[in-house]
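Presented below, as structure tokens, is a lone chain in the form predicted alone.
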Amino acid sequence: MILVILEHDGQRLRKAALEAISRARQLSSLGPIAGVVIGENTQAVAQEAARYLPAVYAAEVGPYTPEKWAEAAHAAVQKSGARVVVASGGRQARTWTARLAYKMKAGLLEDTLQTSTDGQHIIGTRYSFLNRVTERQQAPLPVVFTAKPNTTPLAEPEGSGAVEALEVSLPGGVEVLERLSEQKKGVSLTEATVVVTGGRGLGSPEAFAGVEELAGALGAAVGATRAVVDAGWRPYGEQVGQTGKTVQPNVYIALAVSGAVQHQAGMNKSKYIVAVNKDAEAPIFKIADYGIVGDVHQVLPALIEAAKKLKD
């Protein structure tokens, strides 16, 4: 049995959940697949998940804590008899998957790009050394592994499965007193197929109006470098890089981004990279597929105009 932990926003499955389902299907030789939706008001999301999986558990545990998620996932493992658990990669997953692996006495493979099995092990590949090296790892069953976002085709519906409520004995010790959510407009950075990122070379926070306009014309997400975030120009949720988010869109447009190795770690596996920088020796040009050496304040309006023409 394979169990998929289904990431959601409280209303619908996230793109990463559909990628995790695809990964589970690739390992179907190990047995049937079930899913579990963990959180608050899970029934609607569980019903959506039943279009993709034959069996779905709905675990009502309240607001997120790593302890609750690990306990709920473990309850689903015990209920289903799963020996493989698949979850979406990312910062939140890192806070509870190790706990789950410990409870299961299982191996843990994080942020895998691809996974396969020989019947006794899960073999996974992942990036290492700032995404410059690909490692191949394996762990004997049972195994918990996470799928790096934007590396797997999205699963398609396959019918209508059954939803079952899952009773979870919640651990004590942690209580959520308040939760603040960032009000993010537009496309999610980690789910976007196109990302437009602005760097410190833009010169001011006001210059990001052009970045937002280009992103809007392309249906893209807005990203930022650490220097921009540290300066208070943009929120941390938009930071791309080693200490921010890792993205792997079809197109990554870097505007006035020098491309230090720490930033490259968060975007250098994008399918196509387009860079605009006035410094012809900027590191970003070493990994860019297309580059424009010029003043971003002159190039950006032309890019916006061209994007709008494409949209029309």
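Just so we're on the same page, rigid core means the largest C-alpha set that superposes within 1.5 Å between forms. Computed from a predicted model, the values in this text were never measured in an experiment. Residue indices: 1-based, along the sequence shown.
Beyond the structure shown, there is the form predicted together with a small molecule, which is absent from this document and is the topic of what follows.
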property: Listed residue (Ala106, Ala227, Ala207, Leu109) with a non-hydrogen atom within 4.5 angstroms of the small molecule in the predicted complex; result: Ala227
property: Contacting member of Gln47, Thr243, Gln26, Asn41, with respect to the small molecule in the predicted complex [4.5 Å, heavy atom]; result: Thr243
property: The small molecule contact in the predicted complex: Ser258, any heavy atom under 4.5 Å; result: yes
property: Contact of Gly201 with the small molecule in the predicted complex (heavy atom, 4.5 Å); result: yes
property: Gln239: touches the small molecule in the predicted complex, heavy atom cutoff 4.5 angstroms; result: yes
property: Residue contact check: Ala282 to the small molecule in the predicted complex, 4.5 Å heavy atom; result: yes
property: Answer range among 271-279, 27-35, 50-58, 66-74 for contact with the small molecule, defined in the predicted complex as heavy atoms within 4.5 Å; result: 271-279
property: Is_shifted Gly203 between the shown form and the other one (CA, 2 Å cut-off, rigid core); result: yes
property: Rigid core superposed: Ala59 CA moves 2 Å or more between the shown form and the other one; result: no
property: Rigid core superposition, Leu300 Cα moves 2 angstroms or more between the shown form and the other one; result: yes
